[in-house]
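Quick setup: the structure tokens below cover two forms of a single protein chain, split into structure 1 and structure 2.
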Structure 1
């Protein structure tokens, strides 16, 4: 033992207690400071969107009716719901953007959910421990790829490959953007599902095997159902990640705000719209407030879906701990 480390109880007692008080103040201060900032994030994102409700100048052009309900004259649905924020009569319909977000999210989840869960089941039930030690860091590496790199890859490589293989009219479309998004969602689905499956108590498996079930039956009919809340939570969290993801969709989505249900048309999501337009908008404009309202919408949606996911995970953890 090093001499410096010994605490001399008789000398400098007062100094030690003063230092202790001081550090309490420092930590409390830091804690409250961080809490304050977290509260500010809520306040300020909403604040900039507020003129939609309070400022008559702004709410004349940008309001909830305009965002979600209003149709302009037109034959097709495509002409009726239009996002065209710059022009003599700006049109602020969120419908094409919401549709774009949902299309990309749909493809992304369609790709990531089955593969992510299958990989998680394999890793937790069948992979030898040595292999498992490699799988997790590798998936973390995949999660560590910046989304701008995935966007770049989808834009340059994936889009050409998909077009050559399937003959899409548009190079950038919902399939392309959604698949790239799916790559970003895979680690989310995998990690959370795998954690859930690993937390299923051993005696579930032992009981099933003792009754004569095979390893596959045990995995499929015992472990997977027991871990279902976690799997479900992983889908919900992936959904939250998908609707907020920006760079991939900004680069690989084709940037066309059109009201279309086809997955082979180009798209524009809510997040990509904010990213593309906020840089050029006039401060305090109806357009500015509309974009902040879009951000608020994303904030609320992701916050709600994350809370739901976290709640399910927490409940499952408590239940599993109570049983094991």
Structure 2
């Protein structure tokens, strides 16, 4: 009887060990497959953009030196930096597109980050339990709204309201596009920040209150600093989402590739340009290579921002744990 139990126990241990090994192999393979898939996308995008650097005819027709800097005497900055891929003399300066992307991202983060963090702080520290059960799902529900719906709302409603309220010359401008983008970024900032604040140990709050601090002082000077890595992570993810957003900016930004630092002027972003022009471009044309170069640039920009964000978050976490 004892020998049979030992055999059954041995078989059970071996079975669990085999299952654990099998699941480890499956999960590891899935992770490597995801990494490989992303790497292949990047390689394909870079390969299609490569002729703009290696083919002399394509590089000459694309006027590669106009991508970033071209000084021409007697011309304004708007005339020097132009994205005009169709015409007798194609111009492929990326300056207006990069500038438009940065303007929309700046306005979107300016709107979403303070409101998202404030809402997360209220939900985790001040809201009654019943109200908290409604706040978080309601804000997170915004993440399920298609970006084309937000763009449609900004195009028909938000643009007219902003123009009537602030007297903008153009209905579709950086403010309109950025605010609509901020609505899409708000759930990202709120969810990650709120989770970080909720995970702060309870004895931090109890110790602060025991020393005579108010609830607001505890939330502002204890909970928020303790949750800074999560808050910063939400900003990094929101930045990556803003850089790659397409439909909202295509519909609400005015779709004008002009070099202007004013937030009240129309704009056009890198991703919106790819979406608007890739379907009609000639395969192998310099314009085709330029659009894929934009995709490569977006890949690199997102990768660099996420890597830098992870590095900063790691340093913040080590510093909070007392490590050097």
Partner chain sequence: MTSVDLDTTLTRRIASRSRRRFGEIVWVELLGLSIVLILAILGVIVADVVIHGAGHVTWTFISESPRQGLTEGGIYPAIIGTTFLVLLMTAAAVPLGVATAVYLHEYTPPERPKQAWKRFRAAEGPDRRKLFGTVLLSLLAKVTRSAVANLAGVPSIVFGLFGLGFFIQFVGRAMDAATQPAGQILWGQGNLLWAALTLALLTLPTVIVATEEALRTVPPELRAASIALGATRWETIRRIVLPGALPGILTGAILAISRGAGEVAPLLFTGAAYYLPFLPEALSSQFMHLGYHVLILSTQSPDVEATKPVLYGTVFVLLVLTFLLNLTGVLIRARTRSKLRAGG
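Positions refer to the first chain, counted from 1. Because the structure is a prediction, the values reported are computed rather than measured. In this text, the rigid core denotes the largest set of C-alpha atoms whose superposition between the two forms falls within 1.5 Å.
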The form predicted in complex with the partner chain: is that structure 1, or is it structure 2?
1
Residue 262 C-alpha moves between structures 1 and 2 by 2 Å or more, core aligned
no
Rigid core superposition, residue 279 Cα moves 2 angstroms or more between structures 1 and 2
no
Core overlaid, residue 22 C-alpha shift between structures 1 and 2, how many Å?
11.1
Align on the rigid core first, then pass along the CA displacement of residue 310 between structures 1 and 2 in angstrom.
5.6
Following rigid core superposition, Cα shift of residue 40 between structures 1 and 2 in Å
2.9
